Structure formats: structure tokens, C-alpha cells
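One chain comes next, on its own, written out as C-alpha cells in the form predicted alone.
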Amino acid sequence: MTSLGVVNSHAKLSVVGGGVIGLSVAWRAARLGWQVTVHDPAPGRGASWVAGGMLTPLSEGWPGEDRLLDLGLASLKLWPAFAQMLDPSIVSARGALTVALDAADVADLLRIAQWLQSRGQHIDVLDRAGVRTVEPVVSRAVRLGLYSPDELSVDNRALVAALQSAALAAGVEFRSETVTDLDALDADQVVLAAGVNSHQLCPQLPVRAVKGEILRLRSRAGSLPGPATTIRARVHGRPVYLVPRGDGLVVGATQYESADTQVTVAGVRDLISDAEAVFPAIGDFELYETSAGLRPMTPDNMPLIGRVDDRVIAATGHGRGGILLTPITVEGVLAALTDREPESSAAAALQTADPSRCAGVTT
């Protein structure tokens, strides 16, 4: 390998995990000349299949999570070029609106806005009239909103399909198998992108499973139009989001410290109730799918991106931000594979995701 990113055409790379992260790494590495094999019994059908697809680091930011904010913002800057290279049509919505319905949530939103301003970031603070100017469909009970016009959402399933096609076109081989031992892989380098299974394969990586339930809704003939922007809110202390899709909405997501993927009655009830508080016309939509996925979480909510040893590179632990953080994760992994520094705009943010920070930390 050289600092220019040129690799020996016979160098073998195994990517363990075929979600959005693993597929993206495989696609881009194959284009650099690696002989890439993706190991996954069901590529694209894990957390990536269930995700909301939000690219909203400002809207999801929380005071104290400065490192995660910086990493998300750095990745968002990479997304337009990433989507253009892959398929621009995967972008499903532009703009994100976070709303508050009671006094406590108004106070939280104002606190978030002040924190973002202290970090040199701008977000529009909207009163009731301003909120309804951006999104006329929201409830009249909404009292305040934060609007970020430059944030995006992508159709996660269209993204998975586009990545699978791009990887195949680049010569990536797919093996429908579950890897149980990284040492047994016939590869010069290994990228571990196995999500919640990463800890089993690499015990020094403190990744645990956190369950999230999600609903997919389809508009019907005569239904009022849904929101055009991504909407986030907290209702009765529970977070809820509504993400536009071409045929309807994705509504999510519950969060449980659990490793099962069964959808509960309580979860569906709460999501529908909370979404209706924000978008009252949702009751006329068709509920056509309920599903649950497992977010790969770390103790500090930061992903694990970088070398574990001379052969293994981690690309895991992305929690609720896997799709947002895909481009910067790919940049970090490719830099490690080709013995070069990441692009300057991403280098500082990637340093905070180095797996070495977790030495001795347990899940």
C-alpha cells in the first residue's frame, strides 16, 4: 500500500457485516483495487433496513454531546458528494423541524439552540406562526420549533439497494455466512462492521444492542398531505420522529435496553399516539409495516472507527446515527486501509471515534 491510496490488486479485504456501513466500505474499497468479500447472512436486512434515514446532527444534538455533534456535522458535509456518486434520488427530504408542545420542551429547545450557538452553529428558532409557515400540517398545539434547512433525510431502503448494486458492479463478492472467528478469514485486512454482533467477534469493543421499534405508513386516497420535512418532537417525555417517504411516512422510534426484535403493542400504541399529537391527520394513513431493529450502542454514544490491530479495522457502534455517519466512517476506514491521513475536514472528528479510547471499558 502507498500514501496515494493505491493497493496491490491481489490484496484481499473481508468486510464482516453487510449493512449500510459495511456495504459502503466494500464498494469504495473495491473501487480502490481491493479484492473485497462481504460476509453477512442477510445483507442490508439488519438495522439499516429499519432505520429512519435522518441526516440531522443539529436536530438530534444535545448539550454535552459535543464530539458526536462535530462528527455528525463533518459527515453531513460529505453526504452530498456521497449521494451524487451513488444515486442522488436516495435523498427523500430536505430540512428538519424539531417542535415542542409544552413548557418543559420549549425550555429544552431553547437550551439546545443556545448550546448550538455557543458552538458556532446556527438554527432558526420559530414561534407558532413560524412553525406552521415551514410545516402547515403540524398540530396547532405546537408552541416552538427549531428549523434546520440544510439537514437531510434519505430513503434507507433505496440506499441499501443502491449500495448493493454499486458493490456488485465494483466486483464485490458476497458470502451468505455468519462469521464466528475473525482469525479464520482468508484476508489481508478485515473491516468489522457487524453492528450489535461486533462485541462477540472483538471483545475489546464495548458494543451493546438497544432495541428500537419503527412504523411505516402509507398515504391513502383522500389523505391530507404529510409533512415535507423531517419532524422531531418529544411527547410525554418520549422522542418521536416523522420522516417523509415518497409514498408516506416512517415513524419512530422507541428505545429499550433489549436484544430482541419483537414489536410490542405498547410500542406501536405510543408511537401512533405521539405522532398524532404532532401531525393530527396521521390517523387517516395506512399502517402497513411494523418492525424493530437493534442499534449498536457504545458507553459514550460515540462510534468506533479505526484500527484495532494490524489486521482489523473497526467500523461499528454507530448507535442511532449509522446512516448519517456513513460517509465519514468510510473516509476513516479507507484512510486506515491505505496508510494515509483522512481528509483534513474529517481528521479531527475521526480522532474522537478511535477505538483505543475504549481500552478496558465494558458494555
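Keep in mind it's a predicted model, so treat the numbers as computed, not measured. Numbers for residues come from their place in the sequence shown, where the first is 1.
The following text describes the form predicted together with a small molecule, which does not appear among the structures shown.
- In terms of contact with the small molecule in the predicted bound form, the residue from A29, I328, I313, A47 that brings a heavy atom within 4.5 Å is A47.
- Contact with the small molecule in the predicted bound form, judged by any heavy atom within 4.5 Å, is made by just one of I323, V333, V36, L304: I323.
- Within 4.5 Å of any heavy atom of the small molecule in the predicted bound form lies no heavy atom of P57.
- Remark: G293 counts among the residues lining the small molecule in the predicted bound form, judged by a heavy atom distance of 4.5 Å or less.
- Residue contact check for G145: none of its heavy atoms lie within 4.5 Å of the small molecule in the predicted bound form.
- Although the partner is absent here, A194 lies within 4.5 Å of the small molecule in the predicted bound form, judged by heavy atoms.
- In short, of 207-215, 68-76, 118-126, 90-98 it is 207-215 that has heavy atoms within 4.5 Å of the small molecule in the predicted bound form.
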